[in-house]
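Heads up, the chain below is alone and in the form predicted on its own; it's given as structure tokens.
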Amino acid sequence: MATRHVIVGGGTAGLNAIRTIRAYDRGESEVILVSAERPYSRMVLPYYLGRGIAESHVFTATPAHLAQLQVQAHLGRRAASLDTAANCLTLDDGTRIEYDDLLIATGSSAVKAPVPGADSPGVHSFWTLEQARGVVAAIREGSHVVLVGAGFIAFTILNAILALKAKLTIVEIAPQLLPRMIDRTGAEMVEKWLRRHGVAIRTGATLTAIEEAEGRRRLRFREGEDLLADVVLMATGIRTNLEWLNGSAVRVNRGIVVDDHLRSSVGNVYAAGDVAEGLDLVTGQPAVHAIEPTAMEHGRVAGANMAGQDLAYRGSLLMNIVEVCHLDIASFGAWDDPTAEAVAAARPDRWAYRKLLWKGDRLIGAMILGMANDIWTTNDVGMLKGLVQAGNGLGAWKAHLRRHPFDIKPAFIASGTTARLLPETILGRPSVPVGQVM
């Protein structure tokens, strides 16, 4: 009898798992997908908002594509409960699905600030396609958009809002922009850059209420003047979609605790993406990395192991990369480790800033800002990521980087980072198209 794999979640992790299973088994197993939404890419929603792509281009797996992969799909359905003793998943409509193994890849949901009026009309989140549709319909040229929250999610949609010729104000409760991505010095540079591009910014701002004001929204703060907005966008955090596991045998900490094969505390139940608490590549400690690259890697590793491989995962690298108004901002690894040895340098004339962090002679974290059209920036973003990811000892090149943090290339080459990373693939073998595994 064919093995039955059940995948819960049609995002990046779930689809990568399905494609990996099929790359190994050539269609011999049974694959069932349960997804609350038709599969689409959350990463391209900002381009949809900015009118750069049509809605049809956000989808990642058409019904025809799922049929080609021989996937039985339950779209528009959610997981309701899991009986690991009986190997049975129950959906929100009462459907019961038995499985041999199961992958939980249910992702995250947006969380609004807990203030009166946050759930009123005219106050939007921007996380799902349905929410994106609401924002697309609301913003017009000249609209005053107030963006509550100045983290990575907020910054992914800044360009789209400005491209629509809307007036933009950012409010953030923390004393700086991007508080979980860059340090105070970098944030001050980003703030100056955005102000130059017409963005109003209010940090250290505690929102207390959102009220209706003659068809607009009035935002009240603990300190400072009120703001009147045509559209309010909340980008104040996400939470994992794991409530349906309450009462199950699957161990949940910050996310589902998984081993290096992405198995949960129940041997035939795997987790991947935002919901998985797996190894951090730099620290070796459990961490939840709710980012696209981790979801992709998790999905492929879990899919390979569900297909009968024995594949251990080194761990995921915390990284955030965003471009706003042609300024690249990136951080990698333990960029904010207070115990690390650090060096920082700025070139204000080039809008360039970077910070490097070490444990011994190993680069464990990095932060970089610079003009997107500056080859100095675009090259060094990739090389700094590589140095942190490879984890090679830099030897005497550490001293060089301390003295010359804007001269990354010699250390990157001399440390053997390219040789360390080139042969490395997630599945431990070259990539091949589905159905052509040798």
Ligand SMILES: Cc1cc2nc3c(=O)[nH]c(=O)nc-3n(C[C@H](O)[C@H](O)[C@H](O)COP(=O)(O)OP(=O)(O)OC[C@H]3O[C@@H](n4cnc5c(N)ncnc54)[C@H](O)[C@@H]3O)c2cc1C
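A residue's number is simply how far along the shown sequence it sits, counting from 1. Keep in mind that what you see is a predicted model, and the values were worked out from it rather than measured.
Separately, the form predicted in complex with this ligand exists; it is not shown, and the next lines address it.
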property	result
Heavy atom contact within 4.5 Å of this ligand in the predicted complex, the stretch among 115-123, 137-145, 197-205, 237-245	237-245
Non-hydrogen atom within 4.5 angstroms of this ligand in the predicted complex for each of 186, 330 and 363	no
Listed residue that, although this ligand is not shown, lies within 4.5 Å of it in the predicted complex (heavy atoms), from 383, 372, 36, 58	36
Residue 297, heavy atom within 4.5 angstroms of this ligand in the predicted complex	no
Close approach of residue 264 to this ligand in the predicted complex, 4.5 Å, heavy atom	no
Contact flag, residue 83 vs this ligand in the predicted complex, heavy atom cut 4.5 Å	no
4.5 Å heavy atom contact, residue 398 and this ligand in the predicted complex	no
Those residues of 400-424 which, in the predicted complex, come within 4.5 Å of this ligand by heavy atom	none
